[in-house]
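Both blocks below hold the same protein chain, though in two forms, and each is given as structure tokens: structure 1 and structure 2.
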Structure 1
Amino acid sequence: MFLSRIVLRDLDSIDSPASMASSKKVVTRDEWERKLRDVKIRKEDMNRLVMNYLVTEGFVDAADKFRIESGTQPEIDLATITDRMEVKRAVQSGNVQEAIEKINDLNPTILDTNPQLYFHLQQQKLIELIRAGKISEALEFAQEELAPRGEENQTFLEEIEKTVALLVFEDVKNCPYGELLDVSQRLKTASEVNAAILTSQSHEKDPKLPSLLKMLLWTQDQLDEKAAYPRMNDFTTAELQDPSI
């Protein structure tokens, strides 16, 4: 990413009309690798980036081993990762009430200060009741727990209506909101919970590494317009592909 920015800066002159009329500048592999060697990135910064990813994604064992091997200290207590992952797994398995109780044990202010998150958990609980075929219980829950929130918030009301619509169709495959019963809906709610817990711990809700990779893609796309160079197309191997001339 840093290298691409440097090359972009070096190629600013190509933006002139005369330059644009000519072919793209060709950067050979030797020249590119020489520029790579000139870019200095501290090992400590790379280690912190790895630790940030492990902590944010909840890989507690890997984070602990990495802490020991690299000497990199995590920004939060690793014990809290286990608690956060237990909450996340509870939502993913459909045990919403268990998740709510665990969140309150972890930090009761999370749900008190985040009405949207609490609503989505309650909505997920309604979805799980419908999934289990507990129709009477689902209707009662929707009336007593969700309806009052819908009266206060138009967006919540629309979400309630979509969820209750699942009860109208004998075959949810025919329901336009049938995706609410998909596993992806559980994952969406679990992700929201995970982000809220991280925020409460003064930690970024998203890992930095994916954002940096997106920035690398964007930078390469910008550079493609100006030059032919060894491009990284496969981030899993980090191999460079020679430019097509």
Structure 2
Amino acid sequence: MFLSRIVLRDLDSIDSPASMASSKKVVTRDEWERKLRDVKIRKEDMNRLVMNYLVTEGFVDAADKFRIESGTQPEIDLATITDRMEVKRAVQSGNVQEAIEKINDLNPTILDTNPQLYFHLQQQKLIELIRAGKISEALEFAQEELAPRGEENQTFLEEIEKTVALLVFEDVKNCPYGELLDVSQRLKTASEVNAAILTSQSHEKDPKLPSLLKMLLWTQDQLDEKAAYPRMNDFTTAELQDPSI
């Protein structure tokens, strides 16, 4: 990524009206790899990036092992990660009440100051009741818990309607709002919970690695307009594809 920026810079400085109109500059694989070798990146920085990813995503054991093996210090106390991961796990397995109680043990101000999160957790609870086929309980819960949320805050009404609509359909999985019953909904809620806990602990809720990859994508797009060069199209393999001429 740094390399493509250097090339962009070089191109800008040699641009002349004549070369603008003509075809793009071509960078061969050899040239590219040579320039790549010249770019220096510190190992400590790499390690910190990896640790940041593990910690933010909540991979406690991996973070601990990585700490031992690389000597990189985690940015937050690993014990707090364990707590957070238990909450996330509870949501992901559909044990919403357990998750709520754990969040409140961790920091009771989170749900009081995040009405949207609290609502989504209660919504998830209703979804789980419907999934388990406990229809009368679900109805009671919707009336006692979800309806007041709608009264307290109008923006939740639409979501409540969608969720309650699930109760109407015989074949819930295939009804209009069936995606609410999907595991992805649990993951969405879990992710929201994770972010809220991280924020309350003064930690950034997004890991830095995805931002770097986004920057790489953007930089390559910018460079595409000016040059043909070995492009990285698959980040998982980091393979370079020869420039087409």
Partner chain sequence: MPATASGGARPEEAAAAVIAPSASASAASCMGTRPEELTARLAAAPGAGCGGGGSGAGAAGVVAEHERVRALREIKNQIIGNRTKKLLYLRLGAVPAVVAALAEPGASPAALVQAAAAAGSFACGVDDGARAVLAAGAVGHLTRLLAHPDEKVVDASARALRMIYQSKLAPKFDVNNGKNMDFVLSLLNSENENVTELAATIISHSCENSAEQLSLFNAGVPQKLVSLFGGSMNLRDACLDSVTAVIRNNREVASRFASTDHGKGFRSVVALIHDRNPRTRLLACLCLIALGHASPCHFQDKQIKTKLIMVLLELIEEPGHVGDEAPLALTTLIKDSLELQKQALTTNAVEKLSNHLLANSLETRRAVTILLALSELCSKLEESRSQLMSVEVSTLILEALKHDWADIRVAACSCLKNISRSPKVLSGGRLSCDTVIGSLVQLLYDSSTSVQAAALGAICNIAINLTPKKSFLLHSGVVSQLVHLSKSMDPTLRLKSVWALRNIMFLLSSKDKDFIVKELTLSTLSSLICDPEHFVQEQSLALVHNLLDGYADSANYVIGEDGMVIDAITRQLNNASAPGVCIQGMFVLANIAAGNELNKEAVMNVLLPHRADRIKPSFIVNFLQSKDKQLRVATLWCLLNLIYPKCEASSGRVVRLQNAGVIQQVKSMINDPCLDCKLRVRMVLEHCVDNADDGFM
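We call the rigid core the largest set of C-alpha positions that still match within 1.5 Å between the two forms. For numbering, take structure 1's sequence and count from 1. The structure displayed is predicted, hence computed values, not measured ones.
Participant: With both forms of the chain shown on their own, indicate which is the form predicted together with its partner chain.
Facilitator: Structure 2 is the one predicted together with its partner chain.
Participant: Whole degrees only: how far is the smaller rigid part turned between structure 1 and structure 2?
Facilitator: Relative rotation between structure 1 and structure 2 amounts to 13 degrees.
Participant: For D38, what C-alpha shift in Å results between structure 1 and structure 2 following superposition on the rigid core?
Facilitator: Its C-alpha moves by 4.3 Å once the cores are overlaid.
Participant: Could you state, for a rigid core superposition, the Cα shift of R29 between structure 1 and structure 2 in Å?
Facilitator: Spelling it out: core superposed, C-alpha of R29 shifted, distance 3.5 Å.
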